[in-house]
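As a starting point, one isolated chain is supplied in structure tokens, in the form predicted alone.
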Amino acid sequence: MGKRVLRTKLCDMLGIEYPILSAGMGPSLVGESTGAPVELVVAVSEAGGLGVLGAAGYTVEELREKIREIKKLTDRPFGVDLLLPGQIVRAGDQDAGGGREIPLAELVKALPKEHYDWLMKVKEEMNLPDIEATYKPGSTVMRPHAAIQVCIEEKVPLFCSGLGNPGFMVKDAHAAGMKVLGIAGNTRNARRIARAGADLVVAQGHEGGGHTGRIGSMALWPQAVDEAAPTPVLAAGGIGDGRGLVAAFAAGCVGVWVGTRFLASAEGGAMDIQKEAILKARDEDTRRTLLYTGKTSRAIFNKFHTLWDSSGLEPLPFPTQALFASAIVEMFNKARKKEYIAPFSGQVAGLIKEIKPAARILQDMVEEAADILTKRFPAGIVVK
């Protein structure tokens, strides 16, 4: 059999073979700088989809380096995913601090007293090692305007806003020939992003990993398609194989945005112990929590969740809560307390049984979707 053809209007918009994008997953709290590194981006794009760099864990300077590295490895379209928290965008870029890395142990001392005291109590009672990680003040999250400018200057084909409305930068992006994608967890935001001028909207259901909303995928996707029209919508949340891709098509979506399945790939940026946690997880083994970033995110349930629930503390605002949680997770990791560490992950983890190369994941997804559309549907469904 020759190479499969599976195209939608998304393929023509982005210049790709298959309507599959790997999500621009940012870093977990420990162990890697991003969940969607250069290697994953290149593998997905070379296989005919579109790989998206998870840039939230980089400084602005590192972002430029990674974009140029991708360009050296592939001439195919790719994307960059940035977080655009409204309060930070409005306040303007933070001072990069001369590029000096700040010890995380220093930063946590500035936390509210009750949070710092609890952190130190946990450290002492569990005999955890000292915090040695550092914080980079020039991160793309804290310097969103500078990071966007890098994407424009480097002529990134697709800009993706993993958090926040990218409407304020659409005009400049379009002037540079860059398309813009925004992610929404409800129909209100899907409409808002579309009306702000984005070229594409991702409707991510409650099932999705990382930052995610309250509406289930099968309820959200068709409603988002209606609300965002005529702006095309991609589906996200609970997609791990060709069946999910076909379901997205049935809901009126032009393609899919896939996170957890590509995180659990050979090229995915998660640590090995995190990939193992995804393989072991069942559909009910994730939890949506404010613990990790101060915004609702889904991760595989572990003992850190229970410990946090017992603290009685309120989560701090984003991104301060992420610094707080990062300090604790780093100590857990150094102490090899694996039962307190697990990655951001969607409920689709229960479907994932094997770590495979990203290209094979994409190829398997395309093959299964094509088989359903051309063989299983005609054989099993009567339409007159």
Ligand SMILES: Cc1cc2nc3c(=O)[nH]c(=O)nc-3n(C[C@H](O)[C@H](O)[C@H](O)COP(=O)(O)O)c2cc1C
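One-based numbering along the sequence shown. Here the structure is a predicted model, which is why all the values come from computation and not from measurement.
Another form exists, predicted in complex with this ligand; not displayed. Remarks below refer to it.
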- Message: in the model of the complex, does residue 348 come within 4.5 Å of this ligand, counting heavy atoms only?
- Response: yes
- Item | Proximity of residue 267 to this ligand in the model of the complex, heavy atoms at 4.5 Å | no
- Query: Does the 4.5 Å heavy atom contact test between residue 207 and this ligand in the model of the complex come out positive?
  - Reply: yes
- residue 190, heavy atom within 4.5 angstroms of this ligand in the model of the complex: no
- Note on the structure: Students should find that, of 183, 220, 156, 245, the residue having a non-hydrogen atom no more than 4.5 angstroms from this ligand in the model of the complex is 183
- Task: Work out which of 162, 166, 213, 138 lies within 4.5 Å of this ligand in the model of the complex, going by heavy atoms.
- Result: 162
- Sort through 125-133, 69-77, 288-296, 253-261 and report the only stretch with a non-hydrogen atom within 4.5 Å of this ligand in the model of the complex. 253-261
- Query: Within 64-89, which residues have a heavy atom closer than or equal to 4.5 Å from this ligand in the model of the complex?
  - Reply: 81, 83
